[in-house]
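Next up: a single chain in structure tokens, the form predicted alone.
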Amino acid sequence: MKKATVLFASPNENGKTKLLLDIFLSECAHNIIIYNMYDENIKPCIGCGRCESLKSCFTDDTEKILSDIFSSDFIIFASPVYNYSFPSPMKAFLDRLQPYFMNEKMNGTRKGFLLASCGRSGKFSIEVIEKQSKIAFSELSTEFFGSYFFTDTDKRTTLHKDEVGKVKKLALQFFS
């Protein structure tokens, strides 16, 4: 059976990002592992330079998460957009991918998808977090398959029926 690893980066376990993720995962028939990035022990990069000569500098939960990612067929980032980026726990994890940026990429290709909720519908926010995701997926030898943004969440609490259909259709394509 194939495996999907989800990095869930919202402090609100029952919020709009979770709603979007649940709709997306409802179309997944694979083994799913979900990491709540707020529950993980991810220390920030301290710029020690070890990644220039070593392939890893991990002394926290980063290695455990990467182990699941590298044995997965699918990776999903599910996150709200905070100040044009990911929330701090997710950003700390992405910063810890520096050894993969500094050294050769790992073999193997998996598919990656970004699910994000945004308080507003600003194009700039979407462009920034999507670009960050593409770079991170590349460092993880992962093909960026696509993204879906649940926008204007400051004004609404749920997806419209046509949006739910679009999310499910994207999930079916992604998990095929």
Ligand SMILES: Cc1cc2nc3c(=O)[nH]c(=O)nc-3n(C[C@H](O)[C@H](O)[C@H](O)COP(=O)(O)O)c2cc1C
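Residue numbers run from 1 along the displayed sequence. Just so it is clear, the model here is predicted, and its values are computed rather than measured.
The same protein has a further form, the form predicted together with this ligand, not shown here; the description that follows concerns it.
- Remark: all three candidate residues (10, 82 and 117) come within 4.5 Å of this ligand in the predicted complex, counting heavy atoms only.
- Put simply, residue 22 is far from this ligand in the predicted complex: not one heavy atom of it is within 4.5 Å.
- The closest heavy atom approach of residue 125 to this ligand in the predicted complex falls within 4.5 Å.
- Picking from 133 to 141, 62 to 70, 146 to 154, 25 to 33 the stretch near this ligand in the predicted complex, with a 4.5 Å limit on heavy atoms, gives 146 to 154.
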